[in-house]
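Here we start with a single chain on its own, the form predicted alone, put down as structure tokens.
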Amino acid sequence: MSPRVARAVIHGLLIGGTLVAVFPLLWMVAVSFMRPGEASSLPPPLWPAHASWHNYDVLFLRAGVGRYLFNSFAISTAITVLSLAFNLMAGYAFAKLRFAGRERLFRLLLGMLVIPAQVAMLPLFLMLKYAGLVNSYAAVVLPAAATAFGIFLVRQYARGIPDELLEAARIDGASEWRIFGQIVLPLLKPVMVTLAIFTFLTAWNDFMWPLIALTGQEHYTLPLGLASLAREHATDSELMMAGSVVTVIPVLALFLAMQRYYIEGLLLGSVKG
């Protein structure tokens, strides 16, 4: 097989695979503009006969999806900000600061990576219950403020910062906070963006923990709100597709806007090990 034919075959396979992967997303958008019951006809239509905003009007004017959207934005943003603050400081400390028990503590942290999150849900719920935080935004935000994966990710990246640079700053009289804020943070920008995207996407899509911690519908996030709507409108596929589009669009826009930093962070992290 000539190189030109091989290249054409590879490109064709890649384009075909991309179309297969993207087709469900495109059909979801198309169905969201169909009238009620139109998607249930046989064969299923690929495009709305008469595109309409009816499903989005129902979602925002009657179903209260705007409130769920606000809750998701507020909770995901708060988790991302707190996660960046705590994970960056902890990861930098494990990588560059010397203190008693550092290696043992880090090995304990690594052990937490293999423990399923579901194992800790019951004791965590009881702790929040005794603290009076169940059914509040804090019940969802605080448990995600620092993660073993985030600390590990930052620590691995921060190990690549030259020790000589930090020692030179200390000799010049800079405090540890000034070194962290003015020297370390700019160097951690790629991994900061990567961690921010990981954290925001995880918080945005999380269903299980908000379902446990939030008992009142006024605090529901978008996944919980859509699940609640699905129970009330089990046969309205068009409405559910519109809700799915509302859920996907913000995180898709975030990823497309930050993908350059995201890929850069992943590649640099893999090189520095």
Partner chain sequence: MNRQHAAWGFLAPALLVLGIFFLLPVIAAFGLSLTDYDLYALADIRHLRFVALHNYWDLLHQPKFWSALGHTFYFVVVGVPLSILVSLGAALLLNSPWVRGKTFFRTALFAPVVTTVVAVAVVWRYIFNTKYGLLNYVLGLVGIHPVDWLGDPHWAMPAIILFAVWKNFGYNMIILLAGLQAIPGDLYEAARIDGASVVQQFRHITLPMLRPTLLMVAILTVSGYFQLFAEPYVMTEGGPLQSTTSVLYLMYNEGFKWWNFGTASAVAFLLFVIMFAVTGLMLRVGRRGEAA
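Because the structure is predicted, anything quoted here is derived from the model rather than measured. Numbering follows the first chain given and starts at 1.
The following text describes the form predicted together with the partner chain, which does not appear among the structures shown.
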Exercise. Spell it out for me: taking the partner chain in the model of the complex, does every residue among A21, P24 and I151 have a heavy atom no farther than 4.5 Å from it?
Key: yes
The one option of V81, A74, L187, M89 with any heavy atom within 4.5 Å of the partner chain in the model of the complex is M89
Q. Is M127 one of the residues lying within 4.5 Å of the partner chain in the model of the complex, judged by heavy atom distances?
A. yes
Check your understanding: Is E167 close enough to the partner chain in the model of the complex to count, meaning some heavy atom within 4.5 Å?
Key -> yes
_in the model of the complex, is there a heavy atom of the partner chain that lies within 4.5 Å of any heavy atom of L109, even though the partner is absent here?_
yes
- Would P116 show up as a contact with the partner chain in the model of the complex if we use heavy atoms at 4.5 Å? yes
Those residues of 3 to 23 with a non-hydrogen atom no more than 4.5 Å from the partner chain in the model of the complex are P3, A6, R7, I10, H11, L13, L14, I15, G17, T18, V20, A21, V22, F23
